[in-house]
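Okay, so here's just one chain, in structure tokens, the form predicted alone.
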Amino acid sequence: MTAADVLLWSVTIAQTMLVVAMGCYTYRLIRGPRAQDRVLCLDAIYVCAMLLVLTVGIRTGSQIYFEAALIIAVLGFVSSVALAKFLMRGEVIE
């Protein structure tokens, strides 16, 4: 078993686990009793999506996936801050 085979298997296992985690978070997003639970699930989903894009980038060796993961991370952080501010004050723009 070569190093490339080990990398391929480990990336495949990581992608499978990330998809399962995203499914669990989606279930919790739908069933969440409070808005705070839903925001937390959205945060976890965007982190999993970013990691999934990174694993696809590792598998294909293309640089564009790493840039897409960076954009997902920045947009996810900004949306988390906006949602938290909305839940705390009831408005986003002051």
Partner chain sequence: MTHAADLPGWAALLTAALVLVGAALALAGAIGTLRFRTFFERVHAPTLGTSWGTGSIVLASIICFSVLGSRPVVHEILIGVFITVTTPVTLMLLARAALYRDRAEGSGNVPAHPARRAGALKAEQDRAVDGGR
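Quantities reported herein were computed from a predicted structural model and do not represent experimental measurements. Residue numbers count along the first chain shown, from 1.
Omitted from view is the form predicted together with the partner chain, to which the following refers.
- In the model of the complex, the partner chain sits within 4.5 Å of a heavy atom of residue 69.
- Within this chain, residue 49 is remote from the site of the partner chain in the model of the complex, having no heavy atom within 4.5 Å.
- Of all the residues from 1 to 25, those having a non-hydrogen atom no more than 4.5 Å from the partner chain in the model of the complex are 3, 4, 6, 7, 8, 10, 11, 13, 14, 17, 18, 20, 21, 24, 25.
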